[in-house]
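The chain below stands alone and is given in C-alpha cells; this is the form predicted on its own.
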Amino acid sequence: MDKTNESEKIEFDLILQAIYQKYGYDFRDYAKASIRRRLRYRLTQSNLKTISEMQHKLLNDKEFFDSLLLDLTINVTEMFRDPSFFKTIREVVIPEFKKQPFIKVWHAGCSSGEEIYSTAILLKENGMYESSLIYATDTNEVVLDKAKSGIFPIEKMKDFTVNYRKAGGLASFADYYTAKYDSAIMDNSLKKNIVFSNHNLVTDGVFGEMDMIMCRNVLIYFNRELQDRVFRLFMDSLRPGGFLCLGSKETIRFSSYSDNFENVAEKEKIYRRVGVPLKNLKI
C-alpha cells in the first residue's frame, strides 16, 4: 500500500514534472505507487536525505538522472519469456503471416532486446525473416544500446534454452549465438533486419501499418488514461488484421478501444485489429 502523505505526493509530482521539463521523459501518468517506490529506492541508494534534495541533484547532474532513468524504466525480460506465448505466435500468428509477401513487426518498449531476438529466431525458423522488418524501440538509450549489441550473460543461456524448447523451437538454441568468455553473442544474421530506434510511448507518434505489435509488461506501469492513449497509438499503428500482443497481466478489454480488437488467444493476451468495431458488424 502506498502510504505517501500529501506533502510527499506534491514533492513526487514536482520531481516528475522536473524530469519532463528538463529531459523530456514523461512519467506523470505512470502508476503512482510504482513510480514512488522506484524514486524512494534511488533516494536511499544515493544517500540523499530528502526528495527535494534529489530533485535538485537530478536537475544538475545528468549522470544521476541516467541512473534514475534505469530505475524508472523496468527492464526485466528474458528470451522466449512465457514460452506458451511464443508457441501461440508460432502456431496461430505465423500461419497468417505466411499469406503475406512482407511483414513489419514493432517491439514497443523492447528493453535490452531478449524478446526481439526471440521473434527474429521464430521468423527465421519459419522461413520468414528475409521478408520481414522488425522495429525495436525504447525510451532508454542505455538498454537500447545493449539490445543493439546482442550480447547477453552466458549463464542465462541455460534458462533461455529451456524457454526456447518449450516455445516449440525447431533447432539447437546454441546455433543462434557464439559463446565468448562469460558472454553469449547473438548471430549477426538475426540483426540485419532489425531497426533500433528511440521512441517514447507517452509522447511520440504512430508507427504506421504494422502487422504485429508486441508490448509486453509495459502497460501495467501506466494509469488507465495513459493506457488508453497508448492503445489508440497501437490501433493507429496496426493495419486492419494486424496483431497486438500484450503481457500476461495486461488486457485491452477495459479500454476505450476494446471494440476495435478481437480475441486471438485470451490466455496469452493476443488480439487482432478489426477493420471496423465489432459491435458495428452485422453478423
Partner chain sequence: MNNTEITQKSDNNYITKNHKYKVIIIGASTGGLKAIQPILSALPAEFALSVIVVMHRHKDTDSYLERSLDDSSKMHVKQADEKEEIKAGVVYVAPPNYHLLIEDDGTFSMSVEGEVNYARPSIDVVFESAAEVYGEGLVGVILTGANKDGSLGLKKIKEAGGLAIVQTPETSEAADMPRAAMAVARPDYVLPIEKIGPLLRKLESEG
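All values derive from a computational prediction rather than experimental measurement. Numbering follows the first chain given and starts at 1.
The protein also exists as the form predicted together with its partner chain; that form is not presented, and the subsequent description refers to it.
At a distance of at most 4.5 angstroms from its partner chain in the predicted complex, none of the three residues Lys98, Asp211 and Asn260 contributes a non-hydrogen atom. Residues with any non-hydrogen atom within 4.5 angstroms of its partner chain in the predicted complex fall in just one of 60 to 68, 216 to 224, 235 to 243, 45 to 53: 216 to 224. Taking the partner from the other structure, its partner chain in the predicted complex has a heavy atom within 4.5 Å of a heavy atom of Pro83. When contacts are judged by a 4.5 Å heavy atom cut-off, Ser248 counts as touching its partner chain in the predicted complex. Contact between Arg28 and its partner chain in the predicted complex is not found at the 4.5 Å heavy atom cutoff. With a 4.5 Å cutoff on heavy atoms, Ser7 does not count as touching its partner chain in the predicted complex; it lies far away. Glu78 is the sole member of Asp204, Asp187, Glu125, Glu78 with a non-hydrogen atom lying within 4.5 angstroms of its partner chain in the predicted complex.
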